[in-house]
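Take a look at this single chain, the form predicted on its own, given in structure tokens.
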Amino acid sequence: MSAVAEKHPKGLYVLFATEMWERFNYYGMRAILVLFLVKAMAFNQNDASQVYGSYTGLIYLTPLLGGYIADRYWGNKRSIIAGGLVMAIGEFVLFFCGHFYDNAALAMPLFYTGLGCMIAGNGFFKPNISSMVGQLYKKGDSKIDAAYTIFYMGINTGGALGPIVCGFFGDTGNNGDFKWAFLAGGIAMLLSVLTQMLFQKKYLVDADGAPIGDAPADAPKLFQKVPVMVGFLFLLSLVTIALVYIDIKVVSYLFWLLITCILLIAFIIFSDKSLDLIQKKKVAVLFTVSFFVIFFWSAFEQAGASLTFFASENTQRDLGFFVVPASFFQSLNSIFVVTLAPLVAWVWIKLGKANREPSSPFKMAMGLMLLALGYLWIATGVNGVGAGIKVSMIWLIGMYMMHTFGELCLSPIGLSLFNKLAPVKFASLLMAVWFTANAFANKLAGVFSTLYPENGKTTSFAGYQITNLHEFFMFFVFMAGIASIILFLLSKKLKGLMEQQ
């Protein structure tokens, strides 16, 4: 095969750059969110954690609607551009919120409006750009796996750069400076949309040169008119703003909504008479692993909440010539993904050749155990440390490295498992289960972050008392460790159900 034939289509790099700038925006904003709330908006850490959980939880829920609208009415390309512009608007609204942070009557409405726009826009951007990567290639093309690897590098390049740039400009210790982080995120989002708009017509085509990502041929043309799209997005943004505000300020409904979604999906699938018993057993495997990933992500996503508080308050960040912003540490996961992913892939290949590669559930149990070990590492670092004493950065860095190894054992493996086991008829609906589990975990991450021992207070969860940082981190060691052991014990049974014919 010629070298030219081995090349990837230029459309892949258009999507790479579009996704990179969007992830820059998302992770950059997430890196400074709780710091902005505590330092500028005068939230206590408990309330800031609740906001974080509600925001990130809804971020994973809205793609269900965005994917549905794109598949039936707008197409991928329109949805990406529309969602990206709404996200940019959200960041610019947060920029003005940061400008008027000392005027609560003005800042609070701006804050909830900005979050609502970010959530609504993400719902249309996130699910559609990922699905376009596969459309660039013919079915069965051997380069597809490599294409998604390249695309994943775009995600993590943005994930690494966003916290560094936004932290450099916004997390400087001055309350008013946070607005520059939001401005940087908004500019990145405009660059993302601009990249898509400039190059999509020429390069976003399939292997035969036909455009990809357009609206379905039978989609009503009325729904594709710009005024109708703008009106719908405006209405959705208003609804999302209300959802955020209600969950944070009125009643925490999100848990119940997510549980209802999962139970409804389970009822739809398991009551379908067209599926045989073996198919239903494989679906049961997917629901089982989705349950366990909740424990993983609820602990992993402390990165944007309690671990940011820890980096800000309890980590020695002064290098003598430069004080490392607390937000910088959120770049570590993406940096480690880029550097460690080839090593993990090499290990699986080696084990596979020796016929010793673990099953997917076993790998996911390993991911949970590595997560627990990461928290054990940092719990060791703070054990016996007195109040007001800051510990070395090595404890955070080592923890993030182990967490990344855990993520590489769990996240791509779980997604691959859904693609392999899901009946074709319910492939999209079962992927919704994965996203819903992630949403539930992110909301739970906010709840767990409220256990962070602020100002010597005692917190508790299910009878577990937390009075210091060591006990706080050991909570995640016990939670992830127990979940890991249970999944290890179940892995042989789950493997058997997966392999039934």
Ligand code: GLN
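We number the residues from 1 along the sequence you see. These numbers come from a predicted model, not from an experiment.
Although it is not shown, the form predicted together with the named molecule is what the next lines describe.
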Does residue 297 reach the named molecule in the model of the complex, with heavy atoms at most 4.5 Å apart? yes
Given that the partner is absent here, does residue 27 sit within 4.5 Å of the named molecule in the model of the complex, heavy atoms only? yes
Does residue 449 reach the named molecule in the model of the complex if we count a contact as any heavy atom within 4.5 Å? no
According to a 4.5 angstroms non-hydrogen atom cut-off, is residue 438 in contact with the named molecule in the model of the complex? yes
Would all three of 60, 155 and 407 be in contact with the named molecule in the model of the complex, where contact means some heavy atom lies within 4.5 Å? yes
Which of these stretches, 276 to 284, 303 to 311, 234 to 242, 147 to 155, has heavy atoms within 4.5 Å of the named molecule in the model of the complex? 147 to 155
The named molecule isn't shown here, but in the model of the complex which of 363, 78, 179, 126 has a heavy atom within 4.5 Å of it? 126
